[in-house]
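To begin, one chain is listed below as structure tokens, in the form predicted alone.
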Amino acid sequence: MEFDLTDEQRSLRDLARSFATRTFDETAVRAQLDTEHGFDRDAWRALGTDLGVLGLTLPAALGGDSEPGAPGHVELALLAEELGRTLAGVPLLGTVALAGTALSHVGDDPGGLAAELVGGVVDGGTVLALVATDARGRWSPDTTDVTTDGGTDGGTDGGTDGGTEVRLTGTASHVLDAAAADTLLVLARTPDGPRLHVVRAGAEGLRTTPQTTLDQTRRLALVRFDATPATPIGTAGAAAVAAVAAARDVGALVLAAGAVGAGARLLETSVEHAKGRLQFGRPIGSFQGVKHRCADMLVAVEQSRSVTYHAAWTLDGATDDDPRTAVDLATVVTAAAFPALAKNTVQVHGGIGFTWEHPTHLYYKRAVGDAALLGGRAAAVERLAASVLDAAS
């Protein structure tokens, strides 16, 4: 089957590129490196209120823009690609792809808490963080180090009463956007299995400590809970684990699409430099070594784009392939291609390529940082290998 973008999707891509180019030029990106949270909340609100693109995959029943049968993952990938081109430091990954997707899969929510949080995401007024790593920073939904200590009302019976308060104790490391989040969505162990809980910023016993990261456009934090009040949401057990797994899949798609956009921009700058930089009276792009390097970069970008949009279409149900396998393939390809593209860009640019004044190092840091998020390439390879072995047995 042939797949191509619709006119509406192309319009969305053009809109996102125009906004990203205008809002997140190199000066703006560098200006955010030394700020507390690494992104501009006004720009985040503009994405929600002015462009209306933050609810693309969030269900309309919760206040999002996605109707049943049309999840919008291709559109989300287009948005992520264009933001990735400029290294826009907005919490699309943590708030929309991870926390937003988890909220979309929590199941019964009689208290309307999920709808309240999703509504804040859609208009850009809220930043969420999904806490599903352990104390060492491993993406570990089945073995989270955060536990419940019981509640003011019982509250750990695995039911769906969103008004029951419990207390959380434990530590999670390398949590994306935790220091900037207005609300944390925390996966914690209960007597009935893992369950998602809502914790408001500033809650008693909650401490978030920013961690030093190579990529300052994505901020991570150590989160500690000490008898912190929390509200359970959804059901305990397999449903909560499935919600977090779905969030990881969409998060991996956003990471891959961002890598495609950043890689394409690196290729463009490399070709531009190769055409204009003269050596021995000739453009360096005329030399075989540089020409072949740029050709390899083009292949890497196109391969990354193909596997990423295949994953997006698969998540939208447009193919018969397994969505998780498609997403893991996208992770494997882009997590290898993006760092390689950044390294090749440094080589094409020569001595200036690794200086602070040149933007290539920002892309290189993003590539290295992204390759380790959500378990990284190694975890994706392990899941792919397990699925192949299961299919063969």
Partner chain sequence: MSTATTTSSTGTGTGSDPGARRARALDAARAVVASHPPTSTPRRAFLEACFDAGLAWVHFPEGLGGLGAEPGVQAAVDEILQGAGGPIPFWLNPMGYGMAAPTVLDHGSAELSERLLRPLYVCDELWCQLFSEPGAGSDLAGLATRAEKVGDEWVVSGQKVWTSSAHLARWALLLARTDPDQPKHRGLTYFVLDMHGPGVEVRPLRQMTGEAEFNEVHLTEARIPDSHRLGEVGEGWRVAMTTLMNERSAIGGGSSVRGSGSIGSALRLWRSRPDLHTPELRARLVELFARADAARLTGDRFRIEQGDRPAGAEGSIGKLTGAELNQEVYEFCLDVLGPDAALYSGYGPPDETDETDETGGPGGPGGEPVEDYGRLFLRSRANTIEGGTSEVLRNILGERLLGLPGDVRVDTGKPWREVPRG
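Positions refer to the first chain, counted from 1. What you are looking at is a predicted structure, and each value in this text was computed from that prediction instead of being measured.
Note that the form predicted together with its partner chain isn't included here; everything after this is about it.
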| item | value |
| --- | --- |
| Its partner chain in the model of the complex: contacting segment from 192-200, 93-101, 141-149, 271-279, heavy atom within 4.5 Å | 271-279 |
| Check all three, 38, 205 and 265, heavy atom within 4.5 Å of its partner chain in the model of the complex | no |
| Contact test in the model of the complex: residue 7 vs its partner chain, heavy atoms, 4.5 Å | no |
| Residue 211 within 4.5 Å of its partner chain in the model of the complex, heavy atoms | yes |
| Residue contact check: residue 368 to its partner chain in the model of the complex, 4.5 Å heavy atom | yes |
| Contact label in the model of the complex: residue 295 to its partner chain, heavy atom within 4.5 Å | yes |
| Residues from 341-357 in contact with its partner chain (non-hydrogen atom within 4.5 Å) in the model of the complex | 343, 346, 347, 350, 351, 352, 353, 354, 355, 356, 357 |
